[in-house]
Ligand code: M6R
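Take a look at this one chain, the form predicted on its own, written out in structure tokens.
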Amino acid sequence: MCGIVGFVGKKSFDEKGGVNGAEVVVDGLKRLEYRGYDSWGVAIPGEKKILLHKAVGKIGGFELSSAPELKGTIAIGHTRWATHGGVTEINSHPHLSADKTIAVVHNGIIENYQEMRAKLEKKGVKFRSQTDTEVIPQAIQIELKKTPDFKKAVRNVLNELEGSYAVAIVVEGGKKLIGARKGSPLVFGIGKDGYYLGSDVPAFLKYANKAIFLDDLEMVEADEKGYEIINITTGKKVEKKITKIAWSIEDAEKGGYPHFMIKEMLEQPMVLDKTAATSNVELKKAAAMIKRAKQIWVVACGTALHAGMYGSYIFALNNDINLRPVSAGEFPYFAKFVGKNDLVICVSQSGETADVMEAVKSAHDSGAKVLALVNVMGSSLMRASDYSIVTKAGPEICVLSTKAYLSQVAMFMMLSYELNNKIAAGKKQLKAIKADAEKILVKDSLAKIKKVAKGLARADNIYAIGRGVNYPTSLEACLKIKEVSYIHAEGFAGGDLKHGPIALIAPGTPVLVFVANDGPKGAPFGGAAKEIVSNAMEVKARGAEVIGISYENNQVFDRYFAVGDHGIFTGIVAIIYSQVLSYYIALEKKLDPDKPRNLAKSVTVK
């Protein structure tokens, strides 16, 4: 969940035209701050010592001019989301060996670090931090006494590690940058000025648009002359495909907006346009996998799980297909029911989520096929799946997922239409949803949402209710609120209210009510709509402030946000209201919507 960056220049920094590695790494860390922002640090190997700069807090406000000593052709850096050890400067990365000649940055968890630490301490090694990472440079230093070849010594230590890691390693006086991965993401960038390492592509997108996505147990060694990739276990050279990155640097920057969250929400109509333009060939291949499957599971975490739940309702109502949504972390308890004729649909923004990757392994162990809906080209999930469709959100930097969620539910809708051989109608429907989304995101509408958010910011509890397709919509709405504002928020199925949750309603309690016209055509408040409005009346009778998000106004609503009538697909656009509400609640509470406390963008450790 941390972010790592590395750089080695093709020219010495002292030469004309050479690039300062510290500048590249600091810039990259700022772009990766969504992966962790407890602390950060940079290391540059000099001829006589490693230059080290570490600090607690966010790197966003740091300017390299305040540390002019940070100069060099090679540099590594890290922005931390704490796992082992408290948030202190000592525990921040990079970590050094006892003799301060080796520096390491690490994303992941070393599961056998306690055993390794105890073994090293018996050899007289003194540890400075409480982190699992520090065992890596300490072990390399000891290994170098037996194996003078630095690359071989690093490989020997990596083979001893249990758990997950993505690492960047440098040595005092050395001219090489080493990167390696097992279970945590690491991308190797190729640019005109040098070579790059990053947990995500945005770390170096400003400098390079060609990349190699390292697979598990692969190690890259790079210097000014070139690079080589080897298998960590065997030591044999590995030939890798170079991928050209389609994203632009502008996609990964704020573009004049105060926060990534508002920028990314405003991009959602464009995301829907791009989703509507998804290749028919891609959709047909995915639909064929779905048609062949005996059982279908949809596996994801957090926001992506809510998208998968929404997809399960769409497939049930539109295709008579049963998708069984399961949280990726809970999937191992059901894996024994997965067979060789089954399909597991994995949904992920990053494509690096540890629990999702474990689910892929479980599925393949059972002989099932895996279809991925993933937003990152070349991600671990994409490479591990039998087939993938890249969702069309583009880079999503805000820790909270907004446009990625919309792209996921929209892709489920496209697949649903493809399964019915009505893809043209699906694209037309998505264009109508896009037009509706644009209306929500205009200035006057945003001002109205902001006004409501001001009142919600004072609430201790916020609830949301929905039925059918709007049950997962209510879950996702409340997840956004709690993530960014720290207000207790819960979503419920309308039918569950009288089974306990209605006891939580007190006078003035805000309740979002999501309504879709999913009953018979032309029947006002037909089907689930009629029932959820009855539920709204029940909470209002107990003093709730009812906020309706519906295709039609109703007297039960104290406040009303309008959406178009898109039937079972209404929730695709209705969710935008709760996203924007969450954003303005955070601003009202003077919180950073891009970097909520305790959260990181990619959960790459279990």
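This structure is a prediction, so every number in the text was calculated from the model and none was measured. Numbering starts at 1 and runs along the sequence shown.
A second form of this protein, the form predicted in complex with the ligand, is not displayed here; the remarks below concern that form.
Partner proximity in the model of the complex: H93 to the ligand, non-hydrogen atom cutoff 4.5 Å: Result no; H93 lies far from the ligand in the model of the complex.
Contact label in the model of the complex: N107 to the ligand, heavy atom within 4.5 Å: No.
Contact label in the model of the complex: T303 to the ligand, heavy atom within 4.5 Å: T303: yes, in contact with the ligand in the model of the complex.
Any non-hydrogen atom of E483 within 4.5 angstroms of the ligand in the model of the complex: Yes, E483 sits close enough to the ligand in the model of the complex that at least one of its heavy atoms falls within 4.5 Å.
Residues S348, S401 and L479 all lining the ligand in the model of the complex, heavy atom within 4.5 Å: Contact check passed for all of S348, S401 and L479.
Partner-proximal stretch of 349-357, 384-392, 311-319, 195-203 relative to the ligand in the model of the complex, 4.5 angstroms, heavy atom: Going by heavy atoms within 4.5 Å, the stretch is 349-357.
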